[in-house]
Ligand SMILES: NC(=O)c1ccc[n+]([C@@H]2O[C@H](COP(=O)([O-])OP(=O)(O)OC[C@H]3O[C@@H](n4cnc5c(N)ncnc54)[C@H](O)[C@@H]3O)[C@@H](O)[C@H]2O)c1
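To begin, one chain is listed below as structure tokens, in the form predicted alone.
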């Protein structure tokens, strides 16, 4: 097994525990060290709870990476957004491969620096855009690659949640508090948190490259500083067009990520809350439901499916699939098939372009 260390993911955190469970699920790596909190006592408390040696629990990320370099195989960075850049940079400077949570960094300049540093040191840098790990997302990508949809005409992707439909950030809610703070979360709230997933998912599945966008970022909840809702019109490097909608103020929604792709030969639809089914409609024919684990699955999707059909696989397994590919690249040098630092950089540039467009009255912004 590979050995890894974690930065962030301490008491009150959410996603750090998900990363740890995903890595335990696929059995490819063992947690051996950590700096889980800015408070050493909190780091010690959670580290001992996780069964780690006390002498491998650290007061600062710099101390941990300096002392663990050469022993650990990679580090996982799951801090609040503003701490991604310094912590990833420290890991890379000490020669450590990194998996970072999204959004990758606060600014594109930071992301560019990290991508260049990883390339210079020949290190693997990845970002957890989790939905790339779902089997039926891989199925959709392969169907598009082989031409089942023909030329893509229109893409619609939406990601509504409702957990921020009230001002939770003023109640002491840990996750809401840092996300809604521009000093810690960055220039956006919900765009960075869930809109970034939309930005990654569309090109990952379709192969389209986004060339222009026009965004309107909204703050629907009175008193909130940053966006909690947004609509983005998109144009790609073909004749295809699209529309994205994200929200964390969509009252009553839970985790409604949905992707619809329409071509001149057929359409595909995938809904994250029903992840084992892909709706495929060839032009002139009735809809077909492709079920995970059944014979219709294509070779690129099969390795991402682990249980028999009818036994649903979900978010945690998708995380584990991302880590399986990441760890295989570290161990065996296989071609990366997971979201990389370059994907993270593109995502930060997307966020910056959306902010610029919205501030200028939803003007069209050309992307390099």
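If you're wondering where the values come from, they're calculated on a predicted model, not measured in any experiment. Numbering follows the first chain given and starts at 1.
What comes next is about the form predicted together with the named molecule, which does not appear here.
Next on the checklist: Only one of 108, 281, 238, 175 gets a heavy atom within 4.5 Å of the named molecule in the model of the complex. Which one?
Outcome noted: Looking at 108, 281, 238, 175 one by one, just 175 meets the 4.5 Å heavy-atom criterion.
Item to check | Of 200, 224, 179, 141, the one that lies within 4.5 Å of the named molecule in the model of the complex (heavy atoms) | outcome: Flagged contact: 179.
Next on the checklist: Given that the named molecule is not shown alongside this chain, does residue 317 nevertheless sit within 4.5 Å of it in the model of the complex, heavy atom to heavy atom?
Outcome noted: Contact check for residue 317: no, nothing within 4.5 Å of the named molecule in the model of the complex.
Item to check | Contact flag, residue 38 vs the named molecule in the model of the complex, heavy atom cut 4.5 Å | outcome: Residue 38: contacts the named molecule in the model of the complex.
Checklist entry - Does residue 7 reach the named molecule in the model of the complex, with heavy atoms at most 4.5 Å apart? => result So residue 7 counts as contacting the named molecule.
Checklist entry - Does at least one non-hydrogen atom of residue 103 fall within 4.5 angstroms of the named molecule in the model of the complex? => result Judged by the heavy-atom cut-off of 4.5 Å, residue 103 is in contact with the named molecule in the model of the complex.
Checklist entry - Which single stretch, out of 71-79, 141-149, 261-269, 291-299, brings residue heavy atoms within 4.5 Å of the named molecule in the model of the complex? => result Flagged stretch: 71-79.
Checklist entry - Going by the named molecule in the model of the complex, which residues of 1-27 come within 4.5 Å of it through any heavy atom? => result Contacts from 1-27: 7, 8, 9, 10, 12, 13, 14, 15, 16.
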